[in-house]
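The chain that follows stands alone, in the form predicted alone, written as C-alpha cells.
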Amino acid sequence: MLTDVIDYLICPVCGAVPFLAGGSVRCERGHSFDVARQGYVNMLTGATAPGTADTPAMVAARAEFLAAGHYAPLAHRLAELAADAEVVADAGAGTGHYLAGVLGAETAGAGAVGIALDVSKHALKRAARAHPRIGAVAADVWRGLPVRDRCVDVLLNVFAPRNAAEFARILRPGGTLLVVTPTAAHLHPLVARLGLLSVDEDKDRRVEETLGGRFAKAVQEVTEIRLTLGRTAVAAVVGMGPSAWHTRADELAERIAGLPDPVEVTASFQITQWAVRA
C-alpha cells in the first residue's frame, strides 16, 4: 500500500517530502497527485511519448501468462538475488509480478516494502494489488523517478527502459541493480515462425553503454526455461511483449493457428547484477 512507501517518495515537481491526505498525495509546497480507487498514485508530469505504455490488452495478456507460472524460475531467481532487501523498487514494474515475488519469498525481510513504478496506469491497477506491501506509482523513467535519494536496496529492471542517472541516484551505497534482458534464444522458435521482433545483436553493448558510466557490472548469468505452450498461451506471451505493437492481430492469429498445439518454446533471460560506481 502507499502507506508503506510514502516515506521513500518525493514530489516529482519540486522534490519536497510528500504525505497522504485523503484521496491524494501532497507535498508541503502544495503540489497534489490523485490516488486512483485501485490504489496507485499518479505522479506523472507532462505528456508521455505515444506507444510507451502497455495497453489494457497487453496487460491482460501478461497477467494471464505470468499467473500460469511459465516464468516462475525467473521470478524465483530474482527473489534469491534480492534476499534480505528492505526497500525494493521495480522500474517498469508492469503488473508487479516480479516485485511481488521478491516480497513474498521466504528470504524477504518481514517488513520489506516494494515501490512499483510504471508509466501504464492499466498495469498499475494490478501492481497495486499484487502484494500488500507494494506501493504503486505512475511515473515515467525518462522524466525522473519520484523516489528519494539513496533509499533503495535492490532495483529491478525487467524488460524495461533504463535511466542510469536516476537508477544511481535512488540506490543506496552498496545497493544492487538487477537488469533482465532477453537473449538471442528467447522465444525460439516462435520468433521465426510468427515473424516476431528479434533481439538486437548489439543489445549487450547498448546496455553496457547506457549503464557503464555510473554502474559496474558485477555478475551476469543466463536463466533458460523449457516451455510447452498451447496456442492460447502462445498468443498471451506474444501479446504481452513488444511484438504486440508491430504485428496485426489478424495476421498473428493466423500464424498461431498454423503452429503445432502444443509447441515447445525456449524462454531465455540474461540477468545482470550492477553496482553503483563510487
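Predicted model, so just to flag it, every value in this text is computed and none were measured. Numbers follow the displayed sequence, beginning with 1.
What comes next is about the form predicted in complex with a small molecule, which is not displayed.
In plain terms, the part of the chain that comes close to the small molecule in the predicted complex, with a heavy atom within 4.5 Å, is 132-140 out of 100-108, 132-140, 188-196, 171-179. At least one heavy atom of residue 93 is located within 4.5 Å of the small molecule in the predicted complex. Of the heavy atoms in residue 81, none are within 4.5 Å of the small molecule in the predicted complex. The shortest heavy atom separation between residue 151 and the small molecule in the predicted complex exceeds 4.5 Å. Although the partner is absent here, residue 62 is a contact residue: one of its heavy atoms lies within 4.5 angstroms of the small molecule in the predicted complex.
Three-residue candidate spot 66, 119 and 158; every residue lies within 4.5 angstroms of the small molecule in the predicted complex by at least one non-hydrogen atom. Comment: the small molecule is not present in this chain, but in the predicted complex one of 53, 233, 252, 211 has a heavy atom within 4.5 Å of it, namely 53.
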